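Next up: a single chain in structure tokens, the form predicted on its own.
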Amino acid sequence: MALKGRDIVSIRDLSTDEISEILDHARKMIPVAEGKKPSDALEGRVVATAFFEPSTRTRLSFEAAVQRLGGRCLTIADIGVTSMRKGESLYDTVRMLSSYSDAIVLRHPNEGAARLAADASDRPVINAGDGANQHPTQALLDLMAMQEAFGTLSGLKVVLLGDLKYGRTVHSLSLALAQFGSEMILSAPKALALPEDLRGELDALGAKISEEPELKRAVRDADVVYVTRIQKERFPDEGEYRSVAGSYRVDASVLEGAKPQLIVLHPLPRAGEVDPEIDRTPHAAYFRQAFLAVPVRMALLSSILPPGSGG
């Protein structure tokens, strides 16, 4: 019950023990996520999913999680059909949603929007991505995919590849990996390097970090390659985007010298940075990773809104 009523705005909001507890809970939820076992853990609950930025996996997996647990969703999937188009503030929109629901899942293009929402709401707020800042529940399912493959998170060598500057999934995941003592190898175009403030925070946590821009060398001793899309929508300047577009790609030749047990993860969608030929290899774990979003979000929601905690 430690998570009861809590906001989850950043992966920093969760201790190592709490993350481990969520992952343990999520493993037990897999049969429910597969439709093999019923659950009424969220019976009578209403969760508002407010997505002011495009989403497929995150929105649908949250909604699947709520419904698999017997709850119901109020969904905003297009800012254009809300009163924000009339000039209503995000603060007021969230205040309204908190009066209609038991929890709010928010995605917004602006960094800090989830923190503002948490301040506005008297119901728990879960950050489903705020600009280039954080995506804590993605980090949880990324960790579960790694733990499922290797049985542990401690001591893993993880290549973080691609857009490390604007990639909110990497920002959350790197902080979580530091908590578990995993080694990180950063591989990115110079223009997309990890932000200095985040690198400083990771260093302060004692994270084991190295840099290897040459992809084949980075992958050689890795257990996990975590690939990210270059996010055109985050770039303030189109010329900057064009200078790095298509600058890396994971294909069979890149993985030739990799460990047999290496897994390739990707938060998806992909846009050419993982060759579809990888789908047919044992290295491909990104579709399993996408499925794990459901039990992980089920575990989190049922911990934040446990039965009998009021409505």
Ligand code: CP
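Residue numbers here begin at 1 and follow the sequence given. As the structure is a prediction and not an experimental result, all values here were calculated from the model.
The form predicted together with the ligand is left out here; the points below concern that form.
The shortest heavy atom separation between residue 27 and the ligand in the model of the complex exceeds 4.5 Å.
By the criterion of a heavy atom within 4.5 Å, residue 268 is counted among the residues contacting the ligand in the model of the complex. In the model of the complex, the ligand lies within 4.5 Å of some heavy atom of residue 55. Within this chain, residue 138 lines the site of the ligand in the model of the complex, having a heavy atom no more than 4.5 Å away. Picking from 276 to 284, 35 to 43, 55 to 63, 257 to 265 the stretch near the ligand in the model of the complex, with a 4.5 Å limit on heavy atoms, gives 55 to 63.
Along 88 to 124, a non-hydrogen atom within 4.5 Å of the ligand in the model of the complex is carried only by 107.
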